[in-house]
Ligand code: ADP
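Starting off, we have a lone chain in the form predicted alone, written out as structure tokens.
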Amino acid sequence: MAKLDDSVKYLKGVGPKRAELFEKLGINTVRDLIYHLPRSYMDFTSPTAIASAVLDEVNVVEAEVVKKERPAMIRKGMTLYKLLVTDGSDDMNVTIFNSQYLFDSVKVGEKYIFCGKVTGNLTRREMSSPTVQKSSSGDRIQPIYPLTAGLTQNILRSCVKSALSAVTQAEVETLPNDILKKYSLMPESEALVKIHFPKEREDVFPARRRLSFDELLTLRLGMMRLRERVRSLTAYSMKKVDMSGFTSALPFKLTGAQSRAVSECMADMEKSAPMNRLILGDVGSGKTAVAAACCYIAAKNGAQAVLMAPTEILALQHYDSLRTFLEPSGLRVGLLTGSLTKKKKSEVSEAASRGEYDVIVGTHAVFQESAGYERLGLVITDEQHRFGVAQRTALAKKGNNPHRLVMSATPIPRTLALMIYGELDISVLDELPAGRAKTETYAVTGKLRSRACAFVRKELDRKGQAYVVCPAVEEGTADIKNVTDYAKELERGEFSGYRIGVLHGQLPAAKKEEVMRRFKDGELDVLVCTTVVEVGVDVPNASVMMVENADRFGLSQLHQLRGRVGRGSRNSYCILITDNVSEESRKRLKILSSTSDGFEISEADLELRGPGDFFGSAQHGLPPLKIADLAADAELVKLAQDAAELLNERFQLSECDSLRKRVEALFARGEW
């Protein structure tokens, strides 16, 4: 018998050399091997007659070998082996390339299942390089695994079989019996056998459900552990603050959602454990005002606050907003960014370390070694996913377990938020400030592009500004607009005579900042850009956005982009151009045209396209999911979260040993 954590090299059929190949697939232990799941299956259960085979496509044919031709060497290192097979009604020629072993194993007079591309015509059928299996074999559904050079499907299948037979059911099982029963889950050992070697297609579904549940449960429990890990005592337990001085100085009235979020933050900051809260709000929902309120609470308790933004121009925007919100109350706000002169940076840092600033706003410069603070009690991160874990940790270490506030403008379904931001408490801003006009949204085909451009020109002539968004940076597929060429095309044609700027992710940071600044300051009329503006600066004068190849973007992404216009008092418009007139494309763009509720859109996006549209894995920082799908398994996500709550109190008990080890192993691989 083998243990799950034993090296894979000790398994029958592996050995040291093959173990090196397995290592390239991330397989080091027996556990790694049995959870190296098939990416698809080859189904031999329903063979077709030779006459019914679809030409130039992969077919499965059951036939008897009638004749084996003499091998023919067509060149050095290439030998052809030919068979004549029949299904009793029609014949077919089968060609095997360079595999004497396979050719020798096939016997005349015996039946086999051949799987491969069928070519030829109505009277002559051929199949080349087939997968061959005996008709008498019980394995009619074969797993297809991700491979590396030197490993074949047959080798991997054999090793997985060896691994499954070497481990005990008790060692593999991670869940107590009452949980299996409550959620109608099959034993894990059975699920593993059926996911690797299903006898029938239907076997895969309950097996996949069990393993997906395990993965989601492990992730949720891990997030709960992270949450507990940050609950150490803070040096900045704060007293309740009268907020009337703050709210009376604001140039607007807080929405109900903002007031609720501020109350939740204040309650957190009064505790002995540091606040660890996410403000999740739609574009324009007023997250910065909530952040300002938290800075006010910190300052009134004698603590400093730092707000870190991902770009310099966004930091400047926050700096201007916080000064407007806080300076009337007597708070001092400083700016610390990379573009400041060395002397100025030094002056700001020294002043902050002496406590002369209540709030410091900046980019990555705020957590560099030279930056110091007298009493850092609150750390605010805008668009957290744009910073690495090490950067966020470096900033937090500037204080003694300071309170943490995270802001995100990506509205996502709450179920998904709990999984992705599981270590954070969540406040949702689901109300837009009064007076915020809806952006009129229109979806049109490319035939109306000239009319759309004429509409944009009208806005420009009324002293407005416009964004033109493209899905690509450089020329690629012929029918996709790219920023580089399209900007030149517009400059020569539809927008001739207007000042055009180009912005995309491949520009140096300083150049990006300069282009965005010029657009914000009104030095450019049109900004032709990629989604780099998705989370960006307020340009109140920008009143219209035209998105090319709109079908190439996720709904949530289009909604984020649309949020760049309508930031001021002007009526605003978003024109979505697409030549994709499929039913799905029409359905998606209709949703966007009919609602401006980011959370409603995110629910639809999750259903239609999956979670990739909200964030790439590198952004949200989740451990990679091997089998579970956060979009397709939404119901399973809820069940796993429910089970995590039930198991949380029992997590340290012996009955959860295997589950605890799995959670520890998952979160030991990186700081998620």
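What you see is a predicted model; the values in this text were computed from it and never measured. C-alpha atoms forming the largest set that superposes within 1.5 Å between two forms make up the rigid core. Just count from 1 along the sequence shown to find any residue number.
The next section is about a form of this same protein that is not shown, the form predicted together with the ligand.
Of the candidates Q142, Q258, S212, T578, Q258 is the one whose heavy atoms come within 4.5 Å of the ligand in the predicted bound form; the others do not. Interface residue among K134, R567, R375, R208 relative to the ligand in the predicted bound form, by the heavy atom within 4.5 Å criterion: R567.
In the predicted bound form, the ligand lies within 4.5 Å of some heavy atom of K287. Taking the partner from elsewhere, G501 is found to have every heavy atom lying beyond 4.5 Å of the ligand in the predicted bound form. Among residues of the shown chain, F252 is one whose heavy atoms approach the ligand to within 4.5 Å in the predicted bound form. Taking non-hydrogen atoms only, P328 never approaches the ligand to within 4.5 angstroms in the predicted bound form. Across the options 82-90, 179-187, 450-458, 277-285, residues that bring heavy atoms within 4.5 Å of the ligand in the predicted bound form belong to 277-285.
If you fit the rigid core between this form and the one not shown, you'll see the Cα of K520 move by 2 angstroms or more.
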